[in-house]
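Take a look at this single chain in structure tokens; it is the form predicted on its own.
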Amino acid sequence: MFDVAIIGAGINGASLAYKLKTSGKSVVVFEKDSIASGGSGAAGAFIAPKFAKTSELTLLLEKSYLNSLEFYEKKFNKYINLSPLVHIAKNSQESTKILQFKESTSLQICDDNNFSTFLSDKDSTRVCLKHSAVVDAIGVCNEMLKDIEVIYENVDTFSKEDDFYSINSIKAKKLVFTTGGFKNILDEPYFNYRAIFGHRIDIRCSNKLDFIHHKDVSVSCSKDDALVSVGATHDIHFDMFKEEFDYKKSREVLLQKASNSIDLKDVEVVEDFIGIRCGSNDYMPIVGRVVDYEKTIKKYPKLLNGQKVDFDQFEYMEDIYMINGVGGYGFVLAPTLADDLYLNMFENKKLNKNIDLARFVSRYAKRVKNG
């Protein structure tokens, strides 16, 4: 019998499992492939805020960025490469956002003149952040789960028995789905997220980069073995389950986009990583208890007419939770979301309504009413 069973061993599942274990809870993780085999393993795993004017999303990401820098450096120092970050605007709209960010941020901005010799784009608006990092995505997920039982099985069903759930002969009091862009077996109609394909390449080049670079794509600083990561680009139209991926063409696109602003020399592609991220339509992460939509609408039919109902009044699936919708900020958000969900699960602390999964219920009900 486990306190919690987590389905999915990406960065969200691994971070939550680590939080549970270090808080004295027993936890088991189910993974159908290998640890970080999906969007997490294909991620650039850059630790940075969002460069835009102040909003609920930028505030959450700034808090999570600072938290994650401290978390990885303190707990998983072997898997983090600290470095300044140079972010360059790719168009006039983003240029405006960068200027707004520079005016409003309390984060440490530094002079980027030391890095400009590497930049082929020297004219676009840019900002240099003093503190940033890139994480070894697969390495850190494996390290988080090192002393935790991971069962490599696909979860396609579960059953409720008295005060616990039964999954493939394993028993747990609570379930958490961290399946990212892969469809999970709950499939509630109001779930509001989309899968986004990602591709990252690790390369060797003769440059010794001592900063992280963002523009059309992200380019990491050089690692100890001289590898540099480029990516992860994404294509919302590509379906990796139905189409054959053209690695050669995608590599060319990544390297061409990188060359628009940074001069990489003597490039050799070493390895490809592909996967699907999961993003929400309002760009905020998705966290919390899973609402039973049919029971909630039966209890509050006026939701279909736009009646406001407090989240506490909704009907929920007992002890079933989710973390999802982190998009390209998974490694930034995961430690903070794991803390938030732990407090929600075991100390009954309310989640911020802007990230609570329940926010999609009323929105979906309105769409149903309006056809």
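Predicted model, so just to flag it, every value in this text is computed and none were measured. From 1 onward, residues are counted along the sequence shown.
One more form of this protein, predicted in complex with a small molecule, exists but is not displayed; see below.
Checking 204 to 212, 175 to 183, 76 to 84, 251 to 259 against the small molecule in the model of the complex, the stretch whose residues place heavy atoms within 4.5 Å of it is 175 to 183. Taken together, Gly13, Arg277 and Tyr329 are fully in contact with the small molecule in the model of the complex: each brings a heavy atom within 4.5 Å. This chain lacks the partner; the member of Ser34, Ser55, Asn67, Asn344 within 4.5 angstroms of the small molecule in the model of the complex by a non-hydrogen atom is Ser34. Although the partner is absent here, Glu143 lies well away from the small molecule in the model of the complex, with no heavy atom inside 4.5 Å. In the model of the complex, the small molecule lies farther than 4.5 Å from every heavy atom of Ala365. In the model of the complex, no heavy atom of Phe311 sits within 4.5 Å of the small molecule. In the model of the complex, Val155 approaches the small molecule with a heavy atom inside 4.5 Å.
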